[in-house]
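Below you'll find only one chain, the form predicted alone, shown as structure tokens.
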Amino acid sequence: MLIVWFFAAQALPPYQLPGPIKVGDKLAWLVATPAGLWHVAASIFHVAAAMLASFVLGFFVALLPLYLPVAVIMVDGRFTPFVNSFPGIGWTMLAIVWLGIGTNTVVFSVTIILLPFMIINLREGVRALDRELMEMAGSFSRSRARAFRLIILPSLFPFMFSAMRVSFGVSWKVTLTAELLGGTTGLGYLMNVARQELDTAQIFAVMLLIVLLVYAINRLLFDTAQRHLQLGRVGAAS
């Protein structure tokens, strides 16, 4: 692929298809200079903050019908379909109007777009709870906090993990768009600057870096955590 890319770049102008050497130089600038690392760190912060905020909000919304049954229609029939179908670009535009250009706009946009992924996965976990076990816990103890800590939370771990893993991949795509439209820092902002300057090599470098980051974090963090969860289940079963 690199060979084909190299020779194809020789036949096209750099603004259409830069060569791998030029892209490599831009990638080196991203990961080896303070200015480049600042934008990389900004994107990582945007992703982490949005995932944390969407998880906390999604966890609260998903558990609400468990403790307040009347909220089932509101959560499953109204709120979740609305946030799931509302265009992501619409949230970004509204955030720019409400919050201006900057970090707050990016984090808000990504959070609200990730929210339905969190709610849907966690709601499946709530529906899968063993009702008989819940009733037994209520019979032996009136402490809701203890039942939550010993029964509900451990039962939701696989669904929480699934929600975080799915949202992580989506979050980078959404963050890139939010930074491109409403950010002042981050990899998406760099892509916007590169677009204006016809610096296609910079665009290629940003996309390649995101692929490498997502792949590395999936392998090092999520795959490792999944193996531990599976080993924990096997240990518990034995």
Partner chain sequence: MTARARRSGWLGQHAAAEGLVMLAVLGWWWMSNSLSAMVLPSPVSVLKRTFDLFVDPELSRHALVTFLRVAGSVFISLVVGLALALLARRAQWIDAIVRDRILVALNALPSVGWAILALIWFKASTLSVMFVQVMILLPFAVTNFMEGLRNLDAEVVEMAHSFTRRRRAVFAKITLPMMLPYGVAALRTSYGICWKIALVAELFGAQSGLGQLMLRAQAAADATTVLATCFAIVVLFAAGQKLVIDPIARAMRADLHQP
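Computed from a predicted structure; not experimentally measured. Residue numbers count along the first chain shown, from 1.
Absent from the display: the form predicted in complex with its partner chain. The rest refers to it.
- When you look in the model of the complex, the only residue of M160, V166, I96, V126 with a non-hydrogen atom within 4.5 Å of its partner chain is I96.
- This chain is drawn without its partner chain; in the model of the complex, the residue among A49, I203, L57, V40 with a heavy atom within 4.5 Å of it is I203.
- Against its partner chain in the model of the complex, the set A8, I217 and R227 makes no contact: no member has a heavy atom within 4.5 Å.
- In the model of the complex, its partner chain sits within 4.5 Å of a heavy atom belonging to N84.
- Under a 4.5 angstroms non-hydrogen atom cutoff, its partner chain in the model of the complex lacks L30 among its neighbouring residues.
- Taking the partner from elsewhere, A62 is found to have every heavy atom lying beyond 4.5 Å of its partner chain in the model of the complex.
- Of the heavy atoms in V70, some are within 4.5 Å of its partner chain in the model of the complex.
- Contact residues in stretch 161-180 (any heavy atom within 4.5 Å of its partner chain, taken in the model of the complex) are K173, L176, T177, L180.
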